[in-house]
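This document starts with one chain, in the form predicted alone, laid out as structure tokens.
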Amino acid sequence: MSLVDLLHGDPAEELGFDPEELKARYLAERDRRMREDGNEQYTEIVEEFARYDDDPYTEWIERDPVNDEVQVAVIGGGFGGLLMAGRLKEAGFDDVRVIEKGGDFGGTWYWNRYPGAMCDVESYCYLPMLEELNYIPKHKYSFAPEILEHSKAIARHFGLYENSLLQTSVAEMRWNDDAKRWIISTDRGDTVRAQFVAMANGPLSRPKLPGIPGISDFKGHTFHTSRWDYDYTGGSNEGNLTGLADKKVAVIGTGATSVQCVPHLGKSAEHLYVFQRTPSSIDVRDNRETDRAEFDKLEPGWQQRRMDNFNVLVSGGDQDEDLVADGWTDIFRNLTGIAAKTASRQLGRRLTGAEKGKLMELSDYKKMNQVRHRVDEIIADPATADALKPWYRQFCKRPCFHDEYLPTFNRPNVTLVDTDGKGVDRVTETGIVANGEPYEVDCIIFATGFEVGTSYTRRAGYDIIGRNSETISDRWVDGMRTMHGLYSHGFPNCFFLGFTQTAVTVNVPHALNEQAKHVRYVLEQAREQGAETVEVTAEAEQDWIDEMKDKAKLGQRFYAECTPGYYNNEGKPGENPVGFFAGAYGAGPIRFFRLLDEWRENGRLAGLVLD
């Protein structure tokens, strides 16, 4: 197929389908799923639902309250916290304390222990600090137990256990201007004074529930996938859920978590009902064991090179070699890099912006047709196959890759309950009503994800009180206010890691590592200058907000045409100042990482006041 003809001829003739008809189908599917309540459709896990946030994995350990002072407190023990604490330890900051709600390190991977849980980014890029720990993952895509163990290994490597407070939630953080210290109060009665604080609490730790009528009425067993109840199901991450052999089980949700756990539930339950509002895009996973001989030949610095190579490809650029060569890079190389280069060569000139946009859209349609065709190849029942086909652009939702999910629906004991975009009607004492039909079940499993579209303080579970008793919730009420996503005026010595007006990448630990290295540099400069405080100026903060607003325009049209989900604020992109992508730097991670590099290289600490 000539890309020139595709751009300037008849796309329908070249592609074998009508792009305009397909786009109309996408928009119709979006409209059917639109809801006025948006993010308000979800229930916060407080009061009667607070039990869904309990830790089922680690036995509670009583201890006396701590009242002391540290140089740096890191809030959160996931990859962000581990990278931040580790990079500081490398730089000679020895008095570092991690405060973590869970019973151990791991963050998302401490909580997500459901059967089949695994990373969906290649483990050689995804798992941090592989070279520092001289570790090579067992598979191309690591399973959750290995990722959790690697998290613990990082903590041991840097001696983080000795000074950390686990099973501990922050209740309040308050700046004391006289002492130039943060006062951190916890739910264990601790009072910790810290000169610097790094916020690494992450977006994927606080579960959410669907606001389904009658959700409290069910008399059977319920739990959230991020608090998996193995006492009830039996088995492990590898499956073999023997406790479900005589149970009728319902799963609500068909996102990435459900895609991974449904195959194991289907193998073990007497009967499994999967309740679907919007199907996920399911492409080939092709996981395999690691060839150690291949990695034994690599030169030092191999992981950073591999991460950079992957990041360029999945950010729309091109590389001479695709080091990862998986579903992610295949998608992007066909949608952006290679396709655009080939068309430019055929035309003998650079593509215009309009031509690039059209080529990406048509390539996207073609790719998603392949995804839908794969459903037909695998699913035996035509009606079930039709219900499992995703009708939206590739990145309206996070793509999934799995080789066992779709075949599970060929099992006689598995029923897909497609709700035609409406969701479940209600929950009763004995089960679920969907499409007006009752389904009696023994257990309901909520695969409904985490709070990512609510305010920073709601996700964290506490407020941050800065200078003049101003809270971060008040300062950010109309949207985040930072420079580089790392500092906020009026909150000295406080650094924010994660999706806070920074670059959003497919490989999140890569972004967290770049942020951690940057904060380490700033604290090194403060140490060299003997500064007690680091604070961004109001002017520098406003400059970054203006830059964020300017670059945010790049993706708003795309997400406005997407089916509702957390990527587009449940169908209302741009309306939620604290939504998932509200904190994303629109120019992309390549430009953002370069911006941080150049800021450090010039050495002026522009926008910061060190005192």
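Bear in mind the structure is a predicted one, so any value in this text is a computation, not a measurement. All residue numbers refer to positions in the sequence shown, first residue = 1.
There is another form of the same protein, the form predicted together with a small molecule; it is not shown, and what comes next is about it.
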Exercise. Which one, 420 to 428, 154 to 162, 354 to 362, 482 to 490, holds residues whose non-hydrogen atoms are within 4.5 Å of the small molecule in the predicted complex?
Worked result: 420 to 428
Problem set entry | Within 4.5 Å of the small molecule in the predicted complex, all of His264, His373 and Ile379 (non-hydrogen atom) | no
Problem set entry | Contact label in the predicted complex: Gly449 to the small molecule, heavy atom within 4.5 Å | yes
Problem set entry | Contact flag, Met199 vs the small molecule in the predicted complex, heavy atom cut 4.5 Å | no
Problem set entry | 4.5 Å heavy atom contact, His402 and the small molecule in the predicted complex | no
For this session: Verify the contact flag for Asp120: yes if a non-hydrogen atom of it lies within 4.5 Å of a non-hydrogen atom of the small molecule in the predicted complex, no if not.
Result: yes
Exercise. Of Ser281, Asn311, Thr168, Gln260, which residue is found within 4.5 angstroms of the small molecule in the predicted complex when only non-hydrogen atoms are counted?
Worked result: Gln260
Seminar exercise, completed: The one option of Ile472, Ile252, Val249, Met173 with any heavy atom within 4.5 Å of the small molecule in the predicted complex is Ile252
